[in-house]
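As structure tokens, one chain now follows by itself in the form predicted alone.
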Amino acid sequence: MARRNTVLKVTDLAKSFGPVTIVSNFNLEVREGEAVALTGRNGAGKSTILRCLVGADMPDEGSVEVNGIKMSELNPDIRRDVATVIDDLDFFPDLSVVEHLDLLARAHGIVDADNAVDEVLHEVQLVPQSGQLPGTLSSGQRRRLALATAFVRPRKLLVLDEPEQRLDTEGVAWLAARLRAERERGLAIVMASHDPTLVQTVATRVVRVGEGGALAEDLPG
């Protein structure tokens, strides 16, 4: 079997806030078709790791590379290849749900943007809300819209921080199936999650983050 390309490589990552060390000596390598779930208690450093992975926070030490390129939010190759849902997104207040997705699809060069937007709206069950402004959506609908912004654009690496938040049981089941399908098509995924079903369905490896470092466990994929 051909060796899969490395999409994400993290080497000796460290991050502190003031005198408090949040992450130290964190290493991770994720190849095409692999999904890594970061687990651990609240405050263990999972979100900090993810923010460093996508360039939202700068690590104090170590390096992050995507497809061999040093992480930089300003690099167009990085922006093309990395899709993220790590915070509540700041949506444009005057653009409707469909206008947000259409803008993203066209900005990323999707050839048939109209069809791509229609498909993702049906999948995230926001067709009835497509003409609404994001501020009028429920918290669960806003989470679905945030996920839709990642699914409507090209991506080689998907980084998610507790994507199951505010989704109902049906929504979590849909998300688990969608992410597993993405992984099986070759996408690399890194996510933090507290949902055992999501982790078991999607992840090929679990990294337990907390005191004493990070412990990895391979899962049958």
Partner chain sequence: MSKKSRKLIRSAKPGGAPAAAPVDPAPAAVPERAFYFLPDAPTEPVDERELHELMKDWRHGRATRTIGQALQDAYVAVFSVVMIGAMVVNLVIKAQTTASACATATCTSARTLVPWAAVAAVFALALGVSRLFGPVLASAAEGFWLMDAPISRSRLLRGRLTLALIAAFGVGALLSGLTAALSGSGPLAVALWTVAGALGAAGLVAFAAAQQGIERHRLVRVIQGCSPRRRWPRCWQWSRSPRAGSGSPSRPTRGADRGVVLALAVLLLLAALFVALRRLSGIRRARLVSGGSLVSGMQGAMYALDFGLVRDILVERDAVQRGHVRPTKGRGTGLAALVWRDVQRLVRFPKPLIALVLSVIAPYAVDALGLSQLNPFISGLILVAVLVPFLGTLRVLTRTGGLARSFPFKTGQLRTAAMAVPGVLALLWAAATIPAFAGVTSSGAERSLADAALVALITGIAGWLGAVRWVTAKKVDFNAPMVATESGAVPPTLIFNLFRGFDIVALVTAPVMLGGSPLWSLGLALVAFVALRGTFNMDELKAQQDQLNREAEQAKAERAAGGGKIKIPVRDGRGRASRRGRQGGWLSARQRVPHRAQLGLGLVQFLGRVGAGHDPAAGEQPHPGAVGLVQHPATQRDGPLPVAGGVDPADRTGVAAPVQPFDLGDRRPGQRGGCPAHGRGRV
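Bear in mind the structure is a predicted one, so any value in this text is a computation, not a measurement. Numbering follows the first chain given and starts at 1.
The same protein also exists as the form predicted in complex with its partner chain; that form is not shown, yet it is the one meant from here on.
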query = Pick from 41-49, 156-164, 61-69, 169-177: which stretch has a heavy atom within 4.5 Å of its partner chain in the predicted bound form?
reply = 169-177
inquiry  = With the partner left out here, check for me: in the predicted bound form, does some heavy atom of Asp195 sit within 4.5 Å of its partner chain?
reply    = no
ask   = Though only this chain appears here, would Thr11 touch its partner chain in the predicted bound form if you measure heavy atom gaps against 4.5 Å?
value = no
inquiry  = Under a 4.5 Å heavy atom criterion, is Pro76 part of the interface with its partner chain in the predicted bound form?
reply    = yes
query = If you check in the predicted bound form, is Thr84 within 4.5 Å of its partner chain, heavy atoms only?
reply = yes
query = Considering only 185-202, what residues come within 4.5 Å of its partner chain in the predicted bound form, judged by heavy atoms?
reply = Arg185, Thr197, Gln200, Thr201
